[in-house]
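Form predicted on its own, single chain, as structure tokens, below.
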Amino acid sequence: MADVKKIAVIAGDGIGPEVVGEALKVLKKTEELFGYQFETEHGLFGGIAIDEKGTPLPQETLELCKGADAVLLGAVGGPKWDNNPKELRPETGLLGIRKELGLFSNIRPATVFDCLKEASTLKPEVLEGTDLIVVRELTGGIYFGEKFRREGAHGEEAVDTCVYNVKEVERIVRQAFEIAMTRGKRLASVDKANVLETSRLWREVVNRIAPEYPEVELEHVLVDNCAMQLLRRPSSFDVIVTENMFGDILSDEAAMLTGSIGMLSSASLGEGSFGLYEPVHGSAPDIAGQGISNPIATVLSVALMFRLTFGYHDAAAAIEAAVKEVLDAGHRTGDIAVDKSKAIGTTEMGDLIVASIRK
């Protein structure tokens, strides 16, 4: 009998509860087919937690996550809380939970489905064969460095400090090499070493670790060139590893190669097998409650959880194959439909995927 895996479920705000609901149906189907066992417990997080608990990250939610094997997160935020003070913004909860759970890397796959090439703004021949992963360092860099304002010669100045140490770079780079070993064995390390001292340190650490992975082909790419090459030759990339801000920007660029951000899963990982899994898209408050959101990114986040945290590769492959089968059959939610009049809803898309999962 399989071990019972504990999953903390945080639906969040906006369309979060809708897409998470479909992902939970997928979890149940894999239990029936593969004999895996999951124990799920729900917690409040984000805007709804601010409304009900007075904080975006209640202590009980944090303890729930710490006691779980993995976390499934929907989405957080919305205009309702945009004018709140910093400590009462949903995004502050995201930064807090990453820090408290020790999540130092963000994994974002970007795979182009052949049947969805028409949904992308790039030519089909450019997209051919695109299947890459961006590995983004999540807890260092300019987002977490010292921030302050001061009076300068020309008035008020704002300062954001970018800091990285050797340990921070080592752990994310090793993780990226390990991921590359399970894929095409190609790693692109992205930096701005021609200008930034933090990037020069980054490149030195990468070069020191690279001999430990002789099977992996390594290339160093300047971030501006990488941004250009993602649009020019995306299929040439396998795994991209980079620092926090560069990864934030490049992973969103890679997301749009697929035609819709509603298609993309992500994982935030720490030491060991623990991970937090969520769709790349936001809470989309403009369509919340209408039953038209795309649940595929959240469903694929479950597949990613199976692969990276639980090692359930058979069930992960079954979920991914089911998504492909449903898309190949022509089913589309509004965000990826060419003919919007034929778009299906969130629940129908989830039901079709569940019905297509086979052992």
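The model shown is predicted, which means the values in this text are computed figures rather than measured ones. Note that residue numbering begins at 1 and tracks the sequence as displayed.
Missing here is the form predicted together with a small molecule; even so, the following discussion is about that form.
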property: Interface segment, criterion being heavy atoms within 4.5 Å of the small molecule in the predicted bound form, picked from 291-299, 62-70, 27-35, 318-326; result: 291-299
property: Complete contact of I172, E178 and R307 with the small molecule in the predicted bound form (any heavy atom, 4.5 Å); result: no
property: In the predicted bound form, the one of P109, G93, G262, G275 near the small molecule [non-hydrogen atom within 4.5 angstroms]; result: G262
property: Distance check, P285 to the small molecule in the predicted bound form, heavy atom within 4.5 Å; result: yes
property: The small molecule contact in the predicted bound form: G78, any heavy atom under 4.5 Å; result: yes
property: Proximity of H281 to the small molecule in the predicted bound form, heavy atoms at 4.5 Å; result: yes
property: Partner proximity in the predicted bound form: E87 to the small molecule, non-hydrogen atom cutoff 4.5 Å; result: no
